[in-house]
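Before any questions on how it binds or moves, here is one chain, the form predicted on its own, in structure tokens.
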Amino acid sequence: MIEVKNVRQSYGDHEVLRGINLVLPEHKVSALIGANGAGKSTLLNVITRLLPLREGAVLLDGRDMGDMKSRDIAKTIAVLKQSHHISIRISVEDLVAFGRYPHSRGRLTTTDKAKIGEVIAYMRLEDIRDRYLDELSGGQRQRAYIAMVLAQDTKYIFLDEPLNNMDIHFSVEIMHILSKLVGELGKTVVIVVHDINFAAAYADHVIAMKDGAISAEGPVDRIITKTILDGIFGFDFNIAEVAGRKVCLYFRDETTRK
């Protein structure tokens, strides 16, 4: 279990997280939503210890992460940042092998190699395992990066805007994969996402943020409502239901426009 207790974070004099208290539900996809500057990515960075805490604590299975070694955390939490992408020319298989570093320290064992092969097969990358990342489509590269964090073999996987710059086909594919990681492998997935409809369609739990605080959290049906979304985005939402799922319609009534 990951528990966030009274976390505050600042950039200079600007407070970007204000008294965050949160327990992340296990074996679910949790989506962090909110307007730009709401604090979503900062909260992800603090939970995964990519940013030091100014105040408060993050507990990992009951232990204060501030007292834990980075290697021990990396065996339990994997994180994929937008800026995590590697610029050197590297093959898919070698990229996935990076995910084993907390376990192998760069010296791959038989167990490490077996895990790499297992992940490559699970992510359907066998036919491109020897190709270089710069030869792949955006969707293929993103699958390779997710394979890398999956090879880390952690309970928790955090992703910061993994759908950024993805077209609709690959965005749906990535969200479907993340759902499978929960349903088939028992992972706990936390994702920062801008498109509310992807959160509504694929998340089990939604954490809505505004001005550095949690405005609301809970199951999709409780959070994807006009009242809550209007409040956190400052937009007049229209919400419909299609095939039993909520869908946000982004349009304005031009007859009332001034």
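All residue numbers refer to positions in the sequence shown, first residue = 1. Just so you know, these numbers come straight off a predicted model, no measurement behind them.
Although not depicted, the form predicted in complex with a small molecule is the subject of the following passage.
**Student:** Given the stretches 222-230, 31-39, 66-74, 200-208, which is the single one in contact with the small molecule in the model of the complex, using a heavy atom cutoff of 4.5 Å?
**Tutor:** That would be stretch 31-39.
**Student:** Using a 4.5 Å heavy atom cut-off, which residue among 104, 82, 140, 179 comes into contact with the small molecule in the model of the complex?
**Tutor:** None of the other options qualify; the answer is 82.
**Student:** Within 4.5 Å, heavy atoms only: does residue 27 come near the small molecule in the model of the complex?
**Tutor:** Result no; residue 27 lies far from the small molecule in the model of the complex.
**Student:** Taking heavy atoms and a 4.5 Å cut-off, does residue 16 contact the small molecule in the model of the complex?
**Tutor:** Close contact exists here: in the model of the complex, residue 16 approaches the small molecule to within 4.5 Å, heavy atoms only.
**Student:** Evaluate residue 194 for contact with the small molecule in the model of the complex, applying a 4.5 angstroms cut-off between non-hydrogen atoms, and reply yes or no.
**Tutor:** Yes, residue 194 sits close enough to the small molecule in the model of the complex that at least one of its heavy atoms falls within 4.5 Å.
**Student:** Verify the contact flag for residue 161: yes if a non-hydrogen atom of it lies within 4.5 Å of a non-hydrogen atom of the small molecule in the model of the complex, no if not.
**Tutor:** Yes, residue 161 is a contact residue.
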